[in-house]
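Coming up is one lone chain in structure tokens, specifically the form predicted alone.
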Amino acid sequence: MKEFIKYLDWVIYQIYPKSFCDSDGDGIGDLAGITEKLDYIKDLGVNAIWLCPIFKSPQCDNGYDISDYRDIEPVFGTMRDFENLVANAKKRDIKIILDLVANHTSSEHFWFKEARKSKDNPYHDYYYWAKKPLNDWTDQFGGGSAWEYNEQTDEYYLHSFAVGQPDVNWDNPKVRQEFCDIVDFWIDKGVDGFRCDVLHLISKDFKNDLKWFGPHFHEYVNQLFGREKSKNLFTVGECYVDEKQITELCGEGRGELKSSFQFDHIFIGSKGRFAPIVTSMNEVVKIFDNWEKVTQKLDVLYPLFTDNHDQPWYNSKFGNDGVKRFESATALATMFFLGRGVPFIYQGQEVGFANSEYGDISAFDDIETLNFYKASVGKIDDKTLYKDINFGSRDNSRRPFAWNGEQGFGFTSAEKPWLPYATRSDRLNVESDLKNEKSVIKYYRDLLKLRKEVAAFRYGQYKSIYSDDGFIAYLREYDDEKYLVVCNFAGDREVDLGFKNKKLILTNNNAILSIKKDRFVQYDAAVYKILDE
């Protein structure tokens, strides 16, 4: 049996702790708030939670700048709160996945505060230093050079992201052991796995592009996760893999990662985060179909996702978040989450949350957005500038979760949250959606229930029937059962799918029930069981 088979039973729900649920009224989400909502998560059909960083941090990049890997950020609670969350999750058979940021620390981490004091400090070699910048790399947040001067040692240190996020030197065996110890600390706390932030950067090749997989990358990942204590963890990398890299990283017996994200369907036609694109779902359909076939051929575990904390809402970017919001959101969910792989759902996409429209920079917090604004203000007109920001800002998906339409939207009792609410929270919230005849949440529940009950959607082979012109049809086959999934993201069409004897078991458009022919309007999704021919 393949080592990843058991993970095909998982449905993972990503939580951005700062914005999920505030239990103590300070305007910031916390661990106790997540614990309060475990039944909501369980009822959705989820059995694993990925928490964005909850470790101690000065929050220059919302927790991805860690100052202590063994302590909880006070705004989120205490270690006891974390242990309580784990215990209550386990009672509901929900597993816990933490976000491991191994490429860099905060500049407020003890290691770096010591490292920058002098060249002979024992922690100096925990980071990358140079008498002058070794190359022309720029940081990934648009802040300028990736090299920052440190007066105390008369050197420059490398920061692939913000100035307050110095890269750690994985070529130093002491650093590698430190991260092994960190992983083991959380295993002992009951953690079931890790999502690994920008892991592809941990081995550096200073003569090539920053995103290059460095010469010792696989060796270092194997040292971290190939050990006896860590080899049974669920691990997924943010590694921007292609077909070759996903095999080398996630192949059977490699002792590296169980899975890794690819981002082809995220960055279609992209000319930068804040450059609005004109594209169609046709490209998304073809990319999805190709990766399903590729990962099946390579026999690797594939993450099925559209949304996360680093992207604007997918349905706003590629679908229809207006009058066809329900149909578009549920068609996307049907195509992705009945495919071959493990589903990742980002908080709020199951409600159909959408991008916001703000015209004042005070409504934004994301460092990448603020850098873009600083570099662009005065150079382009405000209308265009805010159109670009509202299109691409990471704050779109980070705004406080709207549980109801009351003051504070059920997120907090505080007068003001840490980040302004999404501009449509009065209409797009859990309570309102559950009252709708066309409820995205209820559809998600039905979809995930179907996935859980039908083995073919977890273990079955993927067979492409059609994928072009914004239309996709594929089979999931297991033992003697066949199921057909059809999603239409383009114009109305009538097609001959070649299966005359089939039973409709799930759809987002009940009008299909009264149509004898295979006729679909835009954003129709339908799932059929193929009966004996």
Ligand code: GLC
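Note that residue numbering follows the sequence shown and begins at 1. Everything numeric in this text was worked out from a predicted model, so none of it was measured.
Another form exists, predicted together with this ligand; not displayed. Remarks below refer to it.
The stretch from 211-219, 277-285, 160-168, 441-449 that comes within 4.5 Å of this ligand in the predicted bound form, counting heavy atoms only, is 160-168. Scanning H124, R176, H265, H309 against this ligand in the predicted bound form with a 4.5 Å heavy atom cut-off leaves one residue, H309. Out of the listed residues A363, L370, V198, I72, V198 is the one that sits within 4.5 Å of this ligand in the predicted bound form by at least one heavy atom.
A residue is said to contact a partner when one of its heavy atoms sits within 4.5 Å of a partner heavy atom; H109 fails this definition for this ligand in the predicted bound form, lying far away. Within 4.5 Å of some heavy atom of this ligand in the predicted bound form lies at least one heavy atom of R398. Shown alone here, F489 lies farther than 4.5 Å from this ligand in the predicted bound form, counting heavy atoms only. The closest heavy atom approach of H104 to this ligand in the predicted bound form falls within 4.5 Å. Using a 4.5 Å cut-off on any heavy atom, the residues of 33-67 that reach this ligand in the predicted bound form are, in sequence order, D61, Y64.
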